[in-house]
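Single chain ahead, by itself, as structure tokens, in the form predicted on its own.
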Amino acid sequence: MHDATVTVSGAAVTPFNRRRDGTGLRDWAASAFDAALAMSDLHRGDIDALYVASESDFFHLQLNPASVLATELGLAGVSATRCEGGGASGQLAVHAALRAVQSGAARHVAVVGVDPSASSLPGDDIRTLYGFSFDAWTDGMTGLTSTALYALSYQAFTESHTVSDSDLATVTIQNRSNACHNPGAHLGRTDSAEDIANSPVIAHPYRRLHCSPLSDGAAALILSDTSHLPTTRKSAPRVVGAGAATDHMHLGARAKPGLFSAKTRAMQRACAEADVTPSAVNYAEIYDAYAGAQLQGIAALGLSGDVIRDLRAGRFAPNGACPINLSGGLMGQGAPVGATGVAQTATCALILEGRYHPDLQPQTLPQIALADTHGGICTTSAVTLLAQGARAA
């Protein structure tokens, strides 16, 4: 392996929302890619490969989006690969691009995540499709929903963690409040705990306001071999570790269905590559499809020895020791599935470089940031660790 030092030379996220302006995934992908390329101080001809994250052909009716986007982005001639792993699709594309640069197969790689998860189909149809992203035979075709499965897993989590409704409210309020300062967020809100408690029950204990919205949008990254970067970008954040893992598809087959064991294994692999421990992380974007999933994720990733105690103490708040989801997370920023993991990595890179939205940018730059996603009920997990200041390869 060439083992190049890999830098996030460019990063961009389009607004996440429900598009009603006649634009589509090609427009959003081009907008994100052009912005990331401009930040990188590279040219289109410098890009050697393209990795596209997109969860479902049903959303955009395009069976080969990577090749289509290679043409649309002016990258005809490069290798183009589509990556898919449910909610983890974006992070898996980041990992594929990372390995291509580390191996020496490419110097500069574009990663684009994009999905029209809100506007392409009626909401009920999209929720049905999400049921098929589990085991279509035993789950999706029986009408079982993702919310119900997440709720079952969270109920099992509460058997070993003393969690209250107010803790779920804290996560919800914090993420959506952060989103109010993110101009590209889908669902910035200032709901009270009472508002949350009065919203409709979807699957106990989850109410509507505990859930992330369906969103449209795109995000892009340029990952580069640091030795081939212009001087202006050599000190940009590095990708220092990546890990992925799986768990049993069915909750009933897991020894502890409330624990995101795949996330623990993925984090262990990423930390081993980065030569750090989870305690080194001082910023994180956590996959919060539901409020309780964020708590399960924090615990599984090893970011806290007592997640509920630390939540109540404000450790994960914007001014805490380890802020989480300053973007607003899926609950606030939104969740176009293929774009989610790419956007998380972009957010971490921008924060490490001090280039994030002014009202959300920490005054003291974090040293290590974590981008975390999963597909299914953490059936497939993928995490990426980023660090300050690139070193020459």
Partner chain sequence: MISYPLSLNYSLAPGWLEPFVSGLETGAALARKCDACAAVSFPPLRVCPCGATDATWVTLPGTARIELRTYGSDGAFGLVRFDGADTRATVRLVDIAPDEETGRIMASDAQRPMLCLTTMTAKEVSHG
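Residue numbers count along the first chain shown, from 1. No experiment lies behind these values; they were computed from the predicted model shown.
Below: the form predicted in complex with its partner chain, not depicted.
Q: Using the partner position in the model of the complex, report whether residue 203 sits within 4.5 Å of its partner chain, counting heavy atoms only.
A: Within the cut-off, so yes.
Q: Can you check whether residue 197 is within 4.5 Å of its partner chain in the model of the complex, heavy atom basis?
A: So residue 197 does not count as contacting its partner chain.
Q: Residue 253 near its partner chain in the model of the complex, any heavy atom under 4.5 Å?
A: Judged by the heavy-atom cut-off of 4.5 Å, residue 253 is in contact with its partner chain in the model of the complex.
Q: Does residue 225 make contact with its partner chain in the model of the complex, using a 4.5 Å heavy atom cut-off?
A: Output for residue 225 is no: heavy atoms all beyond 4.5 Å of its partner chain.
Q: Pick from 180-188, 163-171, 313-321, 253-261: which stretch has non-hydrogen atoms within 4.5 Å of its partner chain in the model of the complex?
A: Only one stretch passes the 4.5 Å heavy-atom test: 253-261.
Q: Using heavy atoms and a 4.5 Å cut-off, decide whether 48, 265 and 268 all contact its partner chain in the model of the complex.
A: No, the candidate spot makes no contact with its partner chain.
Q: Looking at 104, 305, 143, 77 here, can you tell me which has any non-hydrogen atom within 4.5 angstroms of its partner chain in the model of the complex?
A: The residue in contact is 143.
Q: To verify the annotation, which of these, 119, 133, 81, 246, has a non-hydrogen atom within 4.5 Å of its partner chain in the model of the complex?
A: Checking each option against its partner chain in the model of the complex, the one that comes within 4.5 Å is 119.
Q: Which residues, if any, of 16-53 lie within 4.5 Å of its partner chain in the model of the complex when only heavy atoms count?
A: Only a single residue, 19, comes within 4.5 Å of the partner.
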